[in-house]
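Before any questions on binding or motion, here is one chain by itself as structure tokens, the form predicted on its own.
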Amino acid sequence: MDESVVQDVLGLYEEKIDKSDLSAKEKSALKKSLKDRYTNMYYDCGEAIGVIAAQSISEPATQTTLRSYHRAAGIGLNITQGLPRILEIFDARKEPVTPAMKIYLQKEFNTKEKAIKIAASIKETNLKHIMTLDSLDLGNMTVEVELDKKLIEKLSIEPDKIVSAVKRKIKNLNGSIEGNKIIFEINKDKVTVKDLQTLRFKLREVHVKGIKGITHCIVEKTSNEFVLYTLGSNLIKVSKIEGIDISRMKSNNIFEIVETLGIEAARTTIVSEITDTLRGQGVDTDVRHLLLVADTMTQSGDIQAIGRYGLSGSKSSVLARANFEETIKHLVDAAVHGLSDELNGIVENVMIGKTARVGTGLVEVVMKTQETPVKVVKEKKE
């Protein structure tokens, strides 16, 4: 083993060990145990780590629940888990079925009142959420919206802001406030009942407060702090809200993490999401297999799916691509362009019945024998 490689890996931990309150003997023993552990994690030259990782993940994944939802927070947000979630990650789908966030608060904002206030500022609030009744006034050809007074006070929403939000969303509209009602009138010469009905349904969907896409935001008390769970994800806008601990904020939307925090953060999220999903199903897969998959998916700087349009479809071997899916397409394309296969991988060698260059097949032993001179014995003539 190269001693310098070991020192580079353990160097991250040695400083913490040296600064600890342990005795010199304990520090030495801890460093030795770390070195031994690192040594045991080595794999042999030629070992098929890709195949082993695939088996280690796929076999226990068959034991997971086909349709499973995890109820995040005590009140219950149904978050996709089990096999559907694993497929989402490995297929690199742009948007998860149930995007979600876990938001921690800064120490000075870690109170129930402040947590509820922050949750209210995050949750998407449309006009339909804060009104008790909407009706048509056919005499004046207007739409009347009656607001929930207690709710708008709780959410700190001013009626004037509601009117402004509606005017930004819907053009040629006037709004006037009368007590607990807002009356909307269309700026048009001839207004029909159909126009009022169309306006009525549009008004219900006008975004008034919060962040679009985050339909739920629940506050839950853990052992020592308040945590917010959301259904919907928007890292950029949530991070701008005062009181949010950005360093601990989590999202299960991997592509959003790539755009916001970069590919390394996405790689860490892939490992974390798969680990949590498998652990939730009672499956204990060694994290090194998950790290290998995450590294392979993110090695190009973008997230690649494990499928025909991702890693499997981008292999250099023609036979390996044809073996996975779309066999005729790959073989015809290779024939037309005159492509050749170097037979360096496992799949293509197995297909043609040749020893794959992996494990013991990686080693070629040639033995050279020394020629023994032939002695010629002459017979004596009598």
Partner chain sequence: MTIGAIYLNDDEIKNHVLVPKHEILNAKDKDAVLKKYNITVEQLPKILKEDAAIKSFGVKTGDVVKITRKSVTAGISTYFRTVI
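Remember, predicted model here, so these are calculated numbers, not experimental data. Residue numbers count along the first chain shown, from 1.
We do not show the form predicted together with the partner chain, though everything after this point is about it.
**Q** Out of 87 to 95, 237 to 245, 139 to 147, 178 to 186, where are the residues with a heavy atom within 4.5 Å of the partner chain in the predicted bound form?
**A** Checking each option against the 4.5 Å cut-off leaves 237 to 245.
**Q** Give a yes/no on whether T269 approaches the partner chain to within 4.5 Å in the predicted bound form, heavy atoms considered.
**A** T269: yes, in contact with the partner chain in the predicted bound form.
**Q** Would you please decide whether E153 lies within 4.5 angstroms of the partner chain in the predicted bound form, comparing each non-hydrogen atom pair?
**A** No, E153 is distant from the partner.
**Q** When the contact criterion is heavy atoms within 4.5 Å, does D160 count as touching the partner chain in the predicted bound form?
**A** Although the partner chain is absent here, D160 would stay clear of it in the predicted bound form, with no heavy atoms inside 4.5 Å.
**Q** Can you tell me if C217 lies within 4.5 angstroms of the partner chain in the predicted bound form, counting non-hydrogen atoms only?
**A** Heavy-atom contact with the partner chain at 4.5 Å: absent for C217.
**Q** Within 4.5 Å of the partner chain in the predicted bound form: all of I257, G262 and Q299, by heavy atom?
**A** Spot residues vs the partner chain: full contact, yes.
**Q** Can you pick out, from I116, V287, I170, A305, the residue that has a heavy atom within 4.5 Å of the partner chain in the predicted bound form?
**A** So the residue touching the partner chain in the predicted bound form, by this definition, is V287.
**Q** Given that the partner chain is left out here, which of D295, E225, D276, D195 has a heavy atom within 4.5 Å of it in the predicted bound form?
**A** In short, D295.
**Q** Going by heavy atoms, what in 12 to 28 lies within 4.5 angstroms of the partner chain in the predicted bound form?
**A** Residue within 4.5 Å: L12, and no other.
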